[in-house]
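To begin, one chain is listed below as structure tokens, in the form predicted on its own.
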Amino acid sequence: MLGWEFPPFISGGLGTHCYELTRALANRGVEIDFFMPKTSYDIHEHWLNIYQTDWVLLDPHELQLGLAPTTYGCYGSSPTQARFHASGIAGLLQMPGQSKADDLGFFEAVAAYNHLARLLVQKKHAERHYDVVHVHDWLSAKAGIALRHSTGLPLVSTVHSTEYDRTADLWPFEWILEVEREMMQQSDQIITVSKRSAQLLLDKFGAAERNVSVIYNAIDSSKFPKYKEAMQDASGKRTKVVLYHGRLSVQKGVEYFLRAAQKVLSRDRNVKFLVSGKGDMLPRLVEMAFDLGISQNVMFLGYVSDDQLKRILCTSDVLVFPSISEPFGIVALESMASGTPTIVSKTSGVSERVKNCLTVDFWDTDEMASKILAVLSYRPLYEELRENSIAETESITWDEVARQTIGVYDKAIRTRLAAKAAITMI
């Protein structure tokens, strides 16, 4: 399995997914080698082997082979990638201060990771005899495609998000789209996390319907405490708390969250709005809170760890997840598992999976504000959402995700064998 992140090296839902999925697969008897970029963390888990693609893990002769400019030609549209093509892997290794992946620019690091992961997987395959190559998103797609051709192994790709999702379809970068298209075309089987996302793969990328499986994300609800801890103001008065947690990007709809906050505060000033997460929109959002006249009631928390998030969820009365385009949205499950009433946009994949949350159109800030106020002011609604959310998330397990994933592996193996047999007959 190839993935860009794995806890504690994590920036979003992909890392959480890889952690929980590999653990659940291992519990079902699947042996897993996980290949990720070199990090400053010494990462070990008992249920899998983790390999970080450091230069020293490979034979020096292999590193000197470099990377042909055409191999990652789809990245060449950016100036950063043009520099990468000019130097190649071997050139980067010889440049002062660029001997490790975390010293490179982001796109150089992605390309270097794919190159090194391919070489390392090929070497390990000779020892371990893998059955399937499984990659996650475009970040590891090139290595997976190359391995499919060099080893003959079936390729399974999990699409957590596409470039259309990440940019809210406003300014998708063509060179990433091209990687994603190639991944769809070259994969023997594709897993995605919602029906909405599956339809996008069919409509925008030309994926074959027979090759696409929807497997929703899950939650280990036992990790999330269910107690509630009231937030108080300076005078000791209880303060109602509404939380947003996630990246601060256009995709996530945080601006709509702030506009709904203004409407809530026009009716109830005893509410605090917490914005948890980091992203390039932070300065704009801070300015927006001032412009809306709500800065005294909005707290920007920045990055929070998983443990901090669990504590924040225990102090929050409502979580609002207003994404413009969201293939799934694991944070909604985390909120529900904590017994925190949750409001999600109708354009999020998680809204397909759960019943015990409230849904809104991301752009309808009047409805969003009304539902926030309803949960805050009507205790029977709050308690019903809380109790039912906890009960529902207890049945949404990673073991079921692992069971379905193994089914996709089996299908990919059969598909690959059938294709080989057809070629042999010709």
Partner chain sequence: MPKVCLCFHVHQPVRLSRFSYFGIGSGDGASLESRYFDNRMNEHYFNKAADQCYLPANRILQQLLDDNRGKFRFSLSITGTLLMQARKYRPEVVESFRNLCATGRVDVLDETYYHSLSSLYSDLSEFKEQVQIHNQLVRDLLGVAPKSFRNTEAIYSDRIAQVVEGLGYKAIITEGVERILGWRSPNYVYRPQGCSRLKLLMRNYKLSDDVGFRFSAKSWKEWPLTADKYATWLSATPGQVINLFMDYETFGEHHWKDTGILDFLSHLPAEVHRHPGLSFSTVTEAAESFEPCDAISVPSEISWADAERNTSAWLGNRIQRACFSELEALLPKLRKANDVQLWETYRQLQTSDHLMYLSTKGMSDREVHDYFSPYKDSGPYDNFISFMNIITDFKEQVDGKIAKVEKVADSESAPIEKEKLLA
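Residue numbers count along the first chain shown, from 1. Not measured: the values here are computed from a predicted model.
There is another form of the same protein, the form predicted together with its partner chain; it is not shown, and what comes next is about it.
Stretch-level contact check against its partner chain in the model of the complex with heavy atoms at 4.5 Å: of 31-39, 364-372, 395-403, 44-52, the positive one is 364-372. Only one of 150, 266, 239, 199 comes within 4.5 Å of its partner chain in the model of the complex through a heavy atom, and that residue is 266.
Out of the listed residues 194, 356, 347, 167, 356 is the one that sits within 4.5 Å of its partner chain in the model of the complex by at least one heavy atom. Its partner chain in the model of the complex is not approached by residue 390, whose heavy atoms all lie more than 4.5 angstroms from it. At a distance threshold of 4.5 angstroms between non-hydrogen atoms, residue 26 is out of contact with its partner chain in the model of the complex.
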